[in-house]
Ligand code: MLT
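Taking the form predicted alone, here's one chain by itself in structure tokens.
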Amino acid sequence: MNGTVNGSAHENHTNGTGRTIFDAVSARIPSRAALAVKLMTKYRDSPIQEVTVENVMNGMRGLQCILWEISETGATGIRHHGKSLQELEALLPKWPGSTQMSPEAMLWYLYTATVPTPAEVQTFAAEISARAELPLEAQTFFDSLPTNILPEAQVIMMLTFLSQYSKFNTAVSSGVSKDELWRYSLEDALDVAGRIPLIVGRAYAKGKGLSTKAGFSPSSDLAHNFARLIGKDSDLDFIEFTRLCWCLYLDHGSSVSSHAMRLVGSAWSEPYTTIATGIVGGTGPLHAKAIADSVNFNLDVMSSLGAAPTKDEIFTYVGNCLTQGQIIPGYGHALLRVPDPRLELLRRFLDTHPSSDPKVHSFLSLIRNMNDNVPDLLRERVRGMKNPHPNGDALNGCILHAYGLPTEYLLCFFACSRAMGFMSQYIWDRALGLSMERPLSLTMDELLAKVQK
């Protein structure tokens, strides 16, 4: 941060009061609550879409049945409160000297559906930094965990330990009015925004033999503080990429990790345990673990074919993997039917931040070569694959690995972003008084009986 945040030349702000996030959310609640009442009274019995056997058998895929206030996902990419990532890149304030979106500005936007003023971002970032501390007994607990435990497991255990400090839990136990619970969930959410990068940074420092005593500097933003914790304070490209990456992955609708958190949170589980649940969901190879799997896959390609394989060599190598029944990580998407819009921003970052390190340059050149050629083979070989294009996972983890972040810390890196972003949905669930998620289940025999009637 180191100074005053820069406003965007594309947006004229009329409110420079520096209001707090509580003020901004509170101002939006009446209109959204009124819309919720309208939907539940005037339109409560109106059908949205037909549920098919395929929807049920394929894990509700394609079924529009989960309310998600923060974003809209579809075949052409995600939009947050109606705006694309490219639009937000132009609108959101940036930190001095930075060309990337500010995670704090994006987070404010997700909570409020308004582009923040520089003063609002400044106030918001300062509040998050002030909350980036751990109780002494929590530090002692964390330092006692063996370093041979996976980083994500350490983070999950630490979040579970911190659940005892939940302000939301205290409010529920004290009988606070349901209409006011959003304020306490927002208190926890802001604590989490400061604490989870701190926890991940400490896990990294402990695993690499660095000092775990470093804390947040109030004069720096989230990305710069995180870089300081893991010994990359002077790596400006890493800091800039962290800003971009966290903005791109704060929210992505109802993915596995987000849906897991939404389900658990709907039962009023406090934010710390809720987020731990999301990280558990991210450990699967079909979700966030695919990021590290993509890096390892490309490292294997480079080891076998070198840094500049031909198209035929790529086809032969990947074709053999497909013949053996392997998943090619980093390609395809559950919803998108076009190239991942995030990939455009990631590639642009590489174009504007070329590395002078020959090893980094060679590895990232290989990735782009793979991204350009593998989709043609997948389109030809994988029957029924609706989207053979590379997704964000084909590039984001590879860039981080090239910047020196080991693959075993990639899940935790992205957990920082997803945890902070999901909390914007969590507090709106409380603000709108939404019900616990409770779909009905049925067996295949029941399903067959229904369709044969």
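Treat the numbers as computed from the prediction; the structure is a model and nothing was measured. The numbering used is simple: start at 1 and walk along the sequence shown.
One more form of this protein exists, namely the form predicted together with ligand MLT; it is left out here, but the text below deals with it.
Q.
Each of 94, 108 and 243 within 4.5 Å of ligand MLT in the model of the complex, by any heavy atom, yes or no?
A. Result no, not one residue of the spot touches ligand MLT.
Q) in the model of the complex, which of the stretches 119-127, 179-187, 234-242, 251-259 has residues with heavy atoms within 4.5 Å of ligand MLT? A) In short, 251-259.
Q. Pick from 167, 228, 287, 348: which has a non-hydrogen atom within 4.5 Å of ligand MLT in the model of the complex?
A. It is 287 that has a heavy atom within 4.5 Å of the partner.
Q. Heavy atom to heavy atom, is residue 224 within 4.5 Å of ligand MLT in the model of the complex?
A. Residue 224 lies outside the contact set for ligand MLT.
Q | 4.5 Å heavy atom contact, residue 333 and ligand MLT in the model of the complex | A | Yes.
Q: Indicate whether ligand MLT has at least one heavy atom within 4.5 Å of a heavy atom of residue 80 in the model of the complex.
A: Heavy-atom contact with ligand MLT at 4.5 Å: absent for residue 80.
**Q.** Partner contacts in the model of the complex for 392-420 (non-hydrogen atom within 4.5 angstroms of ligand MLT)
**A.** Only a single residue, 418, comes within 4.5 Å of the partner.
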